[in-house]
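Quick heads-up: the structure tokens below are two forms of one chain, split into structure 1 and structure 2.
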Structure 1
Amino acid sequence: MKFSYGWIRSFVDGLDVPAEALERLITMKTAECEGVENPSPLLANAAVAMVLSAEPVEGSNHLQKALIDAGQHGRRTVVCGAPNCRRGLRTIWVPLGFKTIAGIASDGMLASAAELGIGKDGNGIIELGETDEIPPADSVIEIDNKSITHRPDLWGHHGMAREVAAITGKRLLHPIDPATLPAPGGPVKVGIEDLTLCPRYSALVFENVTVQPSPLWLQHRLMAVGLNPINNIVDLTNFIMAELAQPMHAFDRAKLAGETISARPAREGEKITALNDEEYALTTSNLVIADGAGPIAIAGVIGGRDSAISESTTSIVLESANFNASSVRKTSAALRLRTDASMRFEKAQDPHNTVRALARALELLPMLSPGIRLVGGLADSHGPLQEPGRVTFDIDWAESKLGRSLSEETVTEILTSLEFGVQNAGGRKLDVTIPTWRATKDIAMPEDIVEEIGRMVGYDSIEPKPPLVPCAPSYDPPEREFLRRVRRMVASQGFTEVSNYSFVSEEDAKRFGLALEDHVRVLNPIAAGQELMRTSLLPGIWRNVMENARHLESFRLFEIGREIHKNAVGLPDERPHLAAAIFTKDDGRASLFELRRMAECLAVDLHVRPAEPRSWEHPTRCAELWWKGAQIGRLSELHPSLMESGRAAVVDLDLTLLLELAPAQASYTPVRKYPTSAFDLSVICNARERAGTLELEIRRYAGDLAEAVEYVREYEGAPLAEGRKSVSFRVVAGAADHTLTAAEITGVREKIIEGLTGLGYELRA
């Protein structure tokens, strides 16, 4: 939002703080400023000039040599290309030094309104009326819109001037005299269907209107704050909006059907062509202003084209209404149409403001359209207007909130300067009345008043003070420490941490065999491919592998992130998972074992079980990882069809499960006193028999006396038959309370041999 320094200054009696300093003060006390735009240097040096003579320049079809009288600058000769440069024209000259044009020394320039930044006309040099003066050079202060979303009053210059007056201790001037408004009753009737959606609708009717360009000073004001001058009537509505934050609209009365204007929800199927020449299809959730024939405006957003002010307009209905913030915001969002009006209504404007704006119009219109006449009285329809809110404000309590002392005078002075009503309510308590323009959204409770006092006394006046808090240990969820430990461990084994989006595409979900209906769906994804919440980290990891494989020969990476799993009711489950990958260009065997070793660091003695291969897995290189009776994850090589080059081994572990299964603390067993004995066994089996399966069988038959069964090696080749192998294990046997006898050891051994033989294996000692 742009604020004209000159405009603000016109409401603050004797404001002497320059624009740059004021910008800093506003930032510290009211809202964030984004900078000051200084006036065009052309305007700063401009002087009124009279064209004494203008003659065509020889050899040019448009240039003229003009002799001008520039007042205190004296007579000058200027070469000018403007078609309207003529004898007797009162215009503006800017001293810029000499420049040779068409062989003539041209002294300075005659300027257009556009060149000076004070009007929209750039077609010719400016034409001043007998009494027109050059608008004073003005600075513009730009305020961050986000910092005034809660302040409906700051969407107009008068509201900002109130802040400036309070900040600088000057008197605020009021541009309006409501006493000038006519008595109720006018030629148009107003019907409001729903007072929640339209709490107030006020209007005045004028006739004998002349539609023409606005005077220079008004055009300049609008241009300064970024509004485009159109004609005197439209400019008036924009001017008052920029001044009082009250959006207005003018209808051509001749184009309205009937004398009743209603504010009502649009009917299904109604359409309107707006001032921007776009057609909008309306629904019952859009509030419209309608005449006897249908919608003439989308309430609070934009007017209709058919009833717009044109050069032939002679009679107008001037609307000044109040609309529900949330309804305007929804309509504006649904139609994808944000206007200066909708932006203001969204902030919850004050219903008391509609008639102030009309009073201001009544004062200005005779200057803009000489001969204009008011027809009838004030049309004003509204429900009960809210009484100003009151808050009891305890100064001692406010001191404890801010952490500094406050005198009653200071507090009263600040609140009064912001036009709050203040009365002593006994002791150090005040009875504070909230002005209506602060009451719609902004201020309702004592804490809100603390902010008013705090910002005005200045937060830099508060001494930093250490808080007095209990000496207590912090609560730390165990999973946080666990996740840290896992991250550190994985990184220390050579893996680099990456971070992927929580979104996954339908295509990737399908690629990894994940059912689409198991995913939580994003209703408004930002881009194609980000429509589902991930139920697995693997698609992201796969993409990381593919991309990095273009630059690197081999690498290890991992991510710890949350899988999002849908629940029938309530929030989804968010389960932290670890997904890690090793990419190499070798046969890939070492990578798989390396990942398994890494997993074993987290789950000591995990079991690897054969897995049913999934579509994305290498069909003979995949396994389930089990620990303490639960499947904690999966280890596999990505299917070669997913790779452009090389091989990638991946592991995926459920960290919630790992943490649940991990012992809370280590348990100690006394170190064994009696020696153990070991013997080796070789099992002859099919070449694709898994050692893990054999090991489980050996453990099963070995019984309690077997302390460990360790895989030693395997062998294929002569004298074994083709397709057969020998797998050797070392069995360690022992007992806690004695040294095993030779007979006991033999017993263990025989049980194993007997058991495995029974299963059809052949054994070798």
Structure 2
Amino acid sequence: MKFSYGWIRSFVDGLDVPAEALERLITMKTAECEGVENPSPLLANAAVAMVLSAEPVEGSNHLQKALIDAGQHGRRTVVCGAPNCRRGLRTIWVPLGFKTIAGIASDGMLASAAELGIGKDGNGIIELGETDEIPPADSVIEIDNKSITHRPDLWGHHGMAREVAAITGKRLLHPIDPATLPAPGGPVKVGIEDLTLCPRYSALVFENVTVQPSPLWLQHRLMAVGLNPINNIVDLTNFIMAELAQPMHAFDRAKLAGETISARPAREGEKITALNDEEYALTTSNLVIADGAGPIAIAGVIGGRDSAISESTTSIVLESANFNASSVRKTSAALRLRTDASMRFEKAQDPHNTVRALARALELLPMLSPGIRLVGGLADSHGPLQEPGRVTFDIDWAESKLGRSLSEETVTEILTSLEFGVQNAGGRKLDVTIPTWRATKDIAMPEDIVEEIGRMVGYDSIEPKPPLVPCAPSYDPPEREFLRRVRRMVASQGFTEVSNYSFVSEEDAKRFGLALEDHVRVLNPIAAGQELMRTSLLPGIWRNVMENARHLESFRLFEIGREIHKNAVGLPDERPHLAAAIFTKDDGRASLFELRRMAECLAVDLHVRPAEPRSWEHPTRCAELWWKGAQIGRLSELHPSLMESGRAAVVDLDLTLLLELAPAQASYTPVRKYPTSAFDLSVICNARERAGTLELEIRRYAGDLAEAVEYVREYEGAPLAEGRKSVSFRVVAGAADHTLTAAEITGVREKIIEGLTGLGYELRA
């Protein structure tokens, strides 16, 4: 929404705050501004000039060498290409310095209205009358529309001027004299079928109308705020809309059928061709303005082409109406047509404003169309008009809400400057009367008035103080902190967290061998394919892998979520799980070890045991994860049939079980005082023997003196027989209270060798 600084200034007596400073004040106290711009930068130095002579430039078919008198700037020579440049023309000259054109030094230029930004005519230079003056340079303050969406009064310059006057402590000037309105009874009658949809419809009739271009000052005002000048009558309606926030429309009276104009719902099958030359099919949900033949305008949105003002118009019906905000919004949305008028009506305009706009038109029309004549009186139809609301306002209560002291004088001054009615109601209480333009979904209760006081005194004047209430940190359940710790740990290892819906399709459940009857079925799924509550996170992780595999060569994903398992009685059991996946384009071997290492960060000394493959697992790459005697999860690779390319290793951990098995409190282990000793053992076994099985057996026979058993390497080939391999381990032995003797270390090694030999293994120490 654009606001002309000069326009606002015309309503605020003695306003001396520059536009840039005013923009800051408006932002802090009324609405968020987006900046200040100059729509007509050339006007600042422009001067009225008289063309003394105009001679054709030799060798050119359109250029003329003009000698001008620019007043205090003296005589200048200007090369001009405008077809209307002629001797005796009074126009506007802009000093832009010298430029050689067709071999002639041209000093500045003679400007068109379009070049100056004060009109749309760019076909020739401006032609000024004997008394015409250059419109003053102006600044435009742009305000964010959303910040004034609840303030219909701020969609016009006079409403914004009211705010500026209150902010700066100046007097607001009113452009309207209601006494100029004629008595009721005009040649055209107006009717309203539903007062809920159209609370008020007012109109005046004028004859002896001359349709012509608007004067420069009017075109300049409209263009500065983003409105396109058309002709004096249409420009008048747009001018009043921008000034008073009251949309208006003018009909060519000669094109109307009958002497009655009605606001009514459209009939089924009715159509209208609008001013934009588009035809709209109407429904009964659309409110229209109609004459005896049918719709002549879509109420609150746009007028009809068949009743539009043209150069031949000599008599007009000037309407000023009020429409239901939601009705206009629905019609605008349904027709996909949003106009300057509909945007204002959508904000719930004040029904009292219709006659204010007509009074303003009565004042301006004689200046825009000399000789125009009002015919008859005011046509005005409406239901009961809303009386100004009243609110009892307690200043002491307001102080407790704002957190600062307020005097009765300050509150009264602020509310009076905003044109609220204020009377003392005893003590420090006020009887506040709400003006009608603030009573349309804006001000209704004391809390609303506190906001008015707060913004005007300035929220920066309120000293920030902490609330005087007991404050204690919130209690986080152990489970929540545990899940946070897991999330931080996994993310720190390069995994990206994903979040999937807690629903799966029947197809995905079958793909992962999950029985459909074990799922909780959703009665009202939010989308197709989300009819079952998930009993595993793996289907969602698989879909994440498939989607990202199309774009990336390798990646890591994880999700922490709840599996939902059906119970025979009562609510389902929700168990938090961690599912993680690593996708690569290599053989995938390293990914399995990486996921095991990640799992060991949560469960130190976990064990991997062989497992029977499930339908979705690689036949030779699947295992169970055990910790402290319980199976906590599963490590595997997705079956090749589930992958379009590459390999994906996945791990699934039961976090509820992990939390239960985790020690409630970490125990302190002192720093070792005595050195350890290490020795290597190589076990000869079948090529399919698992290193994890061998490690468990070594730990079992090593006894308490073995502090660690570490896998080193494995070897296949000569001199070993085919189908055999050598697996090497490093055993670290030590004691907490002394240094082990050679005999003790030898004893540990011999126990291991004796035990493994008894199991049929061959050892090399």
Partner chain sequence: MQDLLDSALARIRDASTAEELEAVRVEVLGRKGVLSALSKDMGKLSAEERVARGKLINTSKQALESAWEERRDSFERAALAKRLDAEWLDLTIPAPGPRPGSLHPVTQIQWEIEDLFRSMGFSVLDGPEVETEFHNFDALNIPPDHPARDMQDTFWLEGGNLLRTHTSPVQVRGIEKLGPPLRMIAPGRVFRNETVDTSHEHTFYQLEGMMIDRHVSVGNLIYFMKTLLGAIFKRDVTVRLRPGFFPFVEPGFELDIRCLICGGPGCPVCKQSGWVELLPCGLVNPHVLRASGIDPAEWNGFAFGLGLTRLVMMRYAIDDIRWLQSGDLRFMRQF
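Quick caveat: nothing in here was measured; it's all calculated off a predicted structure. If you superpose the two forms and keep the largest set of C-alpha atoms that fall within 1.5 Å, you have the rigid core. The first residue in the sequence of structure 1 is number 1, and each one after it adds one.
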For this session: Identify which of the two structures, 1 or 2, is the form predicted on its own.
Result: 2
For this session: Superpose the two forms on their rigid core, then report whether the C-alpha of A179 is displaced by 2 angstroms or more between the two structures.
Result: no
For this session: Compare the position of the CA of W397 between the two structures after a rigid core fit and state whether the shift reaches 2 Å.
Result: no
Exercise. Once everything's superposed on the core, is D476 shifted 2 Å or more at the Cα between the two structures?
Worked result: yes
Exercise. Rigid core superposed, M643 Cα shift between the two structures in Å?
Worked result: 3.9
Problem set entry | Rigid core superposed, the C-alpha shift at V731 between the two structures in Å | 27.5
